[in-house]
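Read the single chain below, which is given as structure tokens and is the form predicted alone.
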């Protein structure tokens, strides 16, 4: 009970930092327990505004980063979203609340250990409109295209052509683009065959893997 009280207090403290965030995004954040998406021993840090380690040497992004990205994504009820990089499943869980039961989130993950971790966490959270798929997300996901929104939660060296092609007319794509040492958050809006691009500041994410991701050396 004491831990639940602390979580509630920590959530409210985070919300007070975000006066410019839409109410629907804040409400979605409040509905998803971040403690379900991290290792049990780190649960006391669930609402610290910092990234936390998850399996396979990856991280769950800090709440501020998650919320600001979702605010820019402008999700609406009934939309279909493609997420590149399921990670812990936390970002997909919040998006599931924003698109509602009539919407759908397809979250692609290339690391087998994280596919299981995300699936287990989504199940614990009793969320039914999120589908976790093991695949190379740098190629998008043709089976469910086109998408109203596409979001990548890993650093990409460039925006893959497949993501643009799988985005609906009027749709929004959000991804950090750059090198391994820093990226710029890029917001892309498709207008017929044209793409309007805005830059939203500097970030640091784990690298995108797969055909159109970074070519990383395997650990010995």
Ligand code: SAM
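Positions refer to the first chain, counted from 1. All values derive from a computational prediction rather than experimental measurement.
What comes next is about the form predicted in complex with S-adenosylmethionine, which is not displayed.
Checklist entry - Of 125, 108, 73, 130, which one comes within 4.5 Å of S-adenosylmethionine in the model of the complex, counting heavy atoms only? => result Of the candidates 125, 108, 73, 130, 108 is the one lying within 4.5 Å of S-adenosylmethionine in the model of the complex.
Checklist entry - Out of 96 to 104, 142 to 150, 74 to 82, 109 to 117, where are the residues with a heavy atom within 4.5 Å of S-adenosylmethionine in the model of the complex? => result Comparing against S-adenosylmethionine in the model of the complex, the contact stretch is 109 to 117.
Item to check | Contact label in the model of the complex: residue 209 to S-adenosylmethionine, heavy atom within 4.5 Å | outcome: Residue-level check for residue 209: yes, a contact with S-adenosylmethionine.
Checklist entry - Any chance residue 59 has a heavy atom within 4.5 Å of S-adenosylmethionine in the model of the complex? => result Output for residue 59 is yes: heavy atoms within 4.5 Å of S-adenosylmethionine.
Checklist entry - Hey, in the model of the complex, does residue 154 get a heavy atom within 4.5 angstroms of S-adenosylmethionine? => result Heavy-atom contact with S-adenosylmethionine at 4.5 Å: present for residue 154.
Checklist entry - Has each of 10, 14 and 65 got a heavy atom lying within 4.5 angstroms of S-adenosylmethionine in the model of the complex? => result The answer is no: none of the three residues contacts the partner (heavy atom, 4.5 Å cut-off).
Next on the checklist: For the stretch 122 to 138, I need every residue with any heavy atom inside 4.5 Å of S-adenosylmethionine in the model of the complex, listed N to C.
Outcome noted: Going through 122 to 138 in order - heavy atoms within 4.5 Å of S-adenosylmethionine in the model of the complex - the hits are 135, 136, 137, 138.
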